[in-house]
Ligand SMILES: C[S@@+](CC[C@H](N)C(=O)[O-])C[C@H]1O[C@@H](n2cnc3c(N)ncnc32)[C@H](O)[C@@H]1O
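The chain below stands alone and is given as structure tokens, in the form predicted on its own.
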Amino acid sequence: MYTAHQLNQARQLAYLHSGIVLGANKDIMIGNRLDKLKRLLDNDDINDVLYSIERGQDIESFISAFTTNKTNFFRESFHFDDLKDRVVKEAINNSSGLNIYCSASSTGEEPYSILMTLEYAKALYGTPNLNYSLLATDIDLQVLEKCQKGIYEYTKVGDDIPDWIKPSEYFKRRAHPEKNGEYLVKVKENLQKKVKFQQFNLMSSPYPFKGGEFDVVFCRNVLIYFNQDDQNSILKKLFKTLRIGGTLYLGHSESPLGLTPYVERCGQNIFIKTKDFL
């Protein structure tokens, strides 16, 4: 059991280093995350662990223990349908490329789903020369390492991927090193080369991107971990990086908040930027 003081220390450190808000009803979860942190640091003295974090040590381990990385391939698949059916088609009709930002990559399922969608659409529309770029960021270095390896459980991939995607075109299957008769899949190198992964904290200010740099921004199921003021701040900074006419995808329980006057809804949590805010 952890004391109220230790739990509050963890709350304050989580907000300080990531912007994540952990309410009074999250004590059990905080305790579980502190258990994980002790294992990561191989240190059972929680007071010593928290003191080291307060001194600026082991921050990456703390972030890894306290961030949530729940995701899967083609989560909220209607966004990928829209990307395929509308966004790519418009880019082709306008003879333009696509510059896409995935702002919370987690373990990589979302950015690789974006890439598979783009590659499928290129073949569907007969436009193999369509240019696009994809930047995917996350605050957690450990999940970014998983992104870069691109290795996933075969059964999970099979369950999540829609019928219009052929996994064999994008993954190589390999035997599981620890479980006989089971398999892992690895993203093919030609697909991996099409995404750039890097660490970034959405609470940073200012953002290192140009105004109107992106045609598409994915910011899904991450705002829910911030308070409303910080959600608004993040959305405004992301919005500046999106060109007018560009598309913002939000998670199923998220909203554009203060951006509502500057966007047009184009489907379930799909928003098109109509103008810049002052």
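Keep in mind that this is a model prediction, so the values were computed, not measured. When you see a residue number, it is the position in the sequence shown, counting from 1.
The form predicted together with this ligand exists for this protein as well; it is not shown, and the discussion that follows is about that form.
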property	result
Partner contact for residue 200 in the model of the complex: this ligand, 4.5 angstroms, heavy atom	yes
In the model of the complex, residue 225 touching this ligand (heavy atom, 4.5 Å)	yes
is_contact(residue 263, this ligand) in the model of the complex, heavy atom dist at most 4.5 Å	no
Contact of residue 71 with this ligand in the model of the complex (heavy atom, 4.5 Å)	yes
Interface stretch in the model of the complex with this ligand - options 124-132, 86-94, 71-79, 183-191, non-hydrogen atom within 4.5 Å	71-79
Heavy atom within 4.5 Å of this ligand in the model of the complex - the one residue of 61, 233, 241, 221 that qualifies	221
Of 116, 139, 98, 157, the one that lies within 4.5 Å of this ligand in the model of the complex (heavy atoms)	139
Residues in 5-24 with any heavy atom within 4.5 Å of this ligand in the model of the complex	18, 20
